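Quick heads-up: it's one chain on its own, the form predicted alone, in C-alpha cells.
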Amino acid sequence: MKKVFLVIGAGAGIGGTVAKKFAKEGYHAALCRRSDAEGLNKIASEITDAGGSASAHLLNAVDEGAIENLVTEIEAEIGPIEVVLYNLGSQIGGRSLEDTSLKVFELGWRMATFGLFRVAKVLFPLMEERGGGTMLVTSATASVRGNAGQHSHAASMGGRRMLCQTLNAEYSKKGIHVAHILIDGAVDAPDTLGKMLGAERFQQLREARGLDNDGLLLPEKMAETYFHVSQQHRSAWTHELDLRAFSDLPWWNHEA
C-alpha cells in the first residue's frame, strides 16, 4: 500500500503544486477538485510523467457524503492517507451585507469550515489508530481580519482557524498534527487569482509585482514550506504560520 497525500482543492496554484512536491518525495498524490476534469488530469499526468504516482478525483465537497465516501475509497483502494491538505477557499468577492444572500453566506461556511470538519471527522479516527497523521489547512488573511464586503469569507475563514485550534487541542496528544497556514498576500496562481482578476489584469499584476520582482507568493516556494511542516518532529510542531511576499506589509500592520 502506498502512503497517500490527499489534497482537496487541487488547482494549478497551491494545491496542485504542493501535490507535485509530495509526489516527488514519494507520496501518492490523490488530487481532488470540484470541476475541470481536464485541468485535474493534466496535473496528475505531469506528476506521473515526472516519475511520481497520482490519481484524479472529481469532488464536490459540499455534497452530502462526498468527502466521507472519497476518504473511505482512497484508504481502501490506494493506501493510508498520511497527510491531507484542505485547500478549498470560500472567496466570493466583495459583497455588501444587502447583496450577501443567506445561501451565499452559508455556502462560505460549508466550504471553509464544515467541509474541514467533515474531513477530520472521517479521517482522524483512522489516523489515530495508526498512531498519527498530518492535516495542513490553507487559510487567508480573512481568518484574522474582517473587511467590508467580506461577511461570508471572514466568518467562514475565522471559523476555519478556530476549528484548527480545537482539533489540535483534542488530537495533538494523539499524534495528529494540524497546521493552519495563513496566506497573507496575493498568490501567483492562474486559476484562483487569475480567474478573479481576469487574464489581462492578472498579467498586469504579474508584470508589476510578480515574475522577477518576487512580490507575489510563488506556489513552488510555498510548497517547500508545506512539505517541511508536514515532516516536523512532534517536539517542535508548527500549529500556525503566515506566508507573505517580502514586499507586503503583514496583516496586523495593514490598512483595512
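Keep in mind that this is a model prediction, so the values were computed, not measured. Note that residue numbering follows the sequence shown and begins at 1.
Separately, the form predicted together with a further copy of the same chain exists; it is not shown, and the next lines address it.
- Note on the interface: of 220-228, 33-41, 54-62, 200-208, the segment with non-hydrogen atoms within 4.5 angstroms of a further copy of the same chain in the model of the complex is 220-228.
- Using a 4.5 angstroms threshold between heavy atoms, Leu102 counts as touching a further copy of the same chain in the model of the complex.
- Taking non-hydrogen atoms only, Val144 approaches a further copy of the same chain to within 4.5 angstroms in the model of the complex.
- With a 4.5 Å cutoff on heavy atoms, Ala120 counts as touching a further copy of the same chain in the model of the complex.
- Although the partner is absent here, Asp248 lies within 4.5 Å of a further copy of the same chain in the model of the complex, judged by heavy atoms.
- Along 140-164, residues Ala142, Ser143, Val144, Arg145, Gly146, Asn147, Ala148, Gly149, Gln150, His151, Ala154, Ala155, Gly158, Gly159, Met162, Leu163 each place a heavy atom within 4.5 Å of a further copy of the same chain in the model of the complex.
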